[in-house]
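Read the single chain below, which is given as C-alpha cells and is the form predicted on its own.
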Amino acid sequence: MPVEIPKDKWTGKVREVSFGATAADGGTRSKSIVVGGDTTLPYMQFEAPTPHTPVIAVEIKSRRPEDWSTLLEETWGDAMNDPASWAKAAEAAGADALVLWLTLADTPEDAVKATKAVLAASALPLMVFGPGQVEKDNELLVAVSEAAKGEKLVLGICEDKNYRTIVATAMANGHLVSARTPMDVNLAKQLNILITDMGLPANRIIMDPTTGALGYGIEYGYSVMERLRLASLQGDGMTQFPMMVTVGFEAWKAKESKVGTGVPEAWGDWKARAIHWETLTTTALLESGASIVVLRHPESMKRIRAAINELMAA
C-alpha cells in the first residue's frame, strides 16, 4: 500500500536577491549570485525544490589580522599580507564570493585601495564590511560605495545605529546592504522596516540575524533563523529576505578552535577539532535557512560544499 507523505503548503516566499554586477549590468564581476526564492523550509525537496544553491563566501581582511588562529595563518600564508593575493587564493580554494572585512586602522583611502585591489584581483561578487564601529563603518563604507559604484556590492555592517548612512550610500551607488541584528526576530523585522522605509528596494536587502558557534549559543541562533523562515513562509513581508551568517568569525573565536595548548587531552587533535567546529556550525545554520555562509578555512569549504551538494540532491 503506497504511503502518502504529508506536505505543507505555504502562502509566503523568500524574496530573490542578486548581488555582483556583470559587464551586461555595468559592472566587472564574472557572475551575479542569486539567493532566496524559497517557498518551503530548507531542503524539503519533496515539497518544493530549493531554487538556488547556498553560497560559500570567504572572509579576507584589508590588513593581516593579528588575532586569527595560527592554523589559519599556516593555511593562507603570505597571502594574508595583501588583500589582492588573499582574494586570488580564496577564489582558487573554491569560494563563490568574497567578503572584504575592513579594520579600524584603515582610512577611507586605505579602504578604497583594498576594495579596488580585490575587485581587480578576482571577478567574484564582493561584499565589503566595516570593522563594526558605527562612525568608522560610515566613514569607510561611504568611500568604498562611491569608488565601486555599479558593482552591486553588499555593504555591511548595516545596523540600527548607522543604517541611514549606509542605506543612503547603497541607494546612490547601486549596492545592497546586509541588515545585521542581534539574534532576535522582532529586531530583524524592525531594521528591515526602517531600511525599506528609506526607499531601498526590498530586493537589495540581505538579513544577517547573527549567530553563535557550536557550543556558544548556536541553539538560540538556529531557533531565531528558523522562526524568521517560518514567518516569511506564513506571509510576513518584513521577514522575507535571504539570510547570511558569518560562521568563520564566530567559530574561530571559540576556544576550541583558536587554542591548541593548555586544553584537555580529551579534546583531541587541534586542527581536526577546529575544522569540525566551523564545519558543524555551518551545517546546522544551512539547515536553519542560511543562504550565504562566510567561512575562513579552505578545508571547511570543501566539506560544506559536499554537504550542500547532498542537501540539494536529496
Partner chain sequence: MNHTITFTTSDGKTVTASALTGTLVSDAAQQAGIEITQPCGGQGRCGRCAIQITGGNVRRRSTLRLSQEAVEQGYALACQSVIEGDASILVPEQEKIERNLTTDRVAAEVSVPSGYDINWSQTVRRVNVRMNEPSMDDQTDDWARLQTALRVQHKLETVEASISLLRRLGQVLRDGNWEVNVIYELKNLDNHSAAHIIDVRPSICDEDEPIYAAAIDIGTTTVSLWLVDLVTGQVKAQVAEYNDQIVRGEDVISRIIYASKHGGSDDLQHRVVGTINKLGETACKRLKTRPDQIVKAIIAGNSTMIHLLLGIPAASIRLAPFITAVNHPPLMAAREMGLHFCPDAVVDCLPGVASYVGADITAGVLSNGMDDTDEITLFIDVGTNGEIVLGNRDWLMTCACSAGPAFEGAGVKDGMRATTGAIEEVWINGDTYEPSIRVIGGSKPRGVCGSGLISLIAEMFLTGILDKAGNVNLSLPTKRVRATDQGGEYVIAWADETSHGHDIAITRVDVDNLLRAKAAIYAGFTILAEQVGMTLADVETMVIGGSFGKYVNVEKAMQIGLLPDMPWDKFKFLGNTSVKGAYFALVDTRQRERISEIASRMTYLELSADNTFYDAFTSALFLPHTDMDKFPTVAEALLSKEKR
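Residue numbers count along the first chain shown, from 1. Quantities reported herein were computed from a predicted structural model and do not represent experimental measurements.
Here the subject shifts to the form predicted together with its partner chain, a form of this protein not shown in this document.
At a distance threshold of 4.5 angstroms between non-hydrogen atoms, residue 163 is in contact with its partner chain in the predicted bound form. When contacts are judged by a 4.5 Å heavy atom cut-off, residue 194 counts as touching its partner chain in the predicted bound form. Taking the partner from the other structure, its partner chain in the predicted bound form has a heavy atom within 4.5 Å of a heavy atom of residue 184. In the predicted bound form, its partner chain lies farther than 4.5 Å from every heavy atom of residue 203.
Interface residue among 227, 116, 149, 88, judged by heavy atoms within 4.5 Å of its partner chain in the predicted bound form: 227.
Note on the interface: of 171-179, 194-202, 116-124, 78-86, the segment with non-hydrogen atoms within 4.5 angstroms of its partner chain in the predicted bound form is 194-202.
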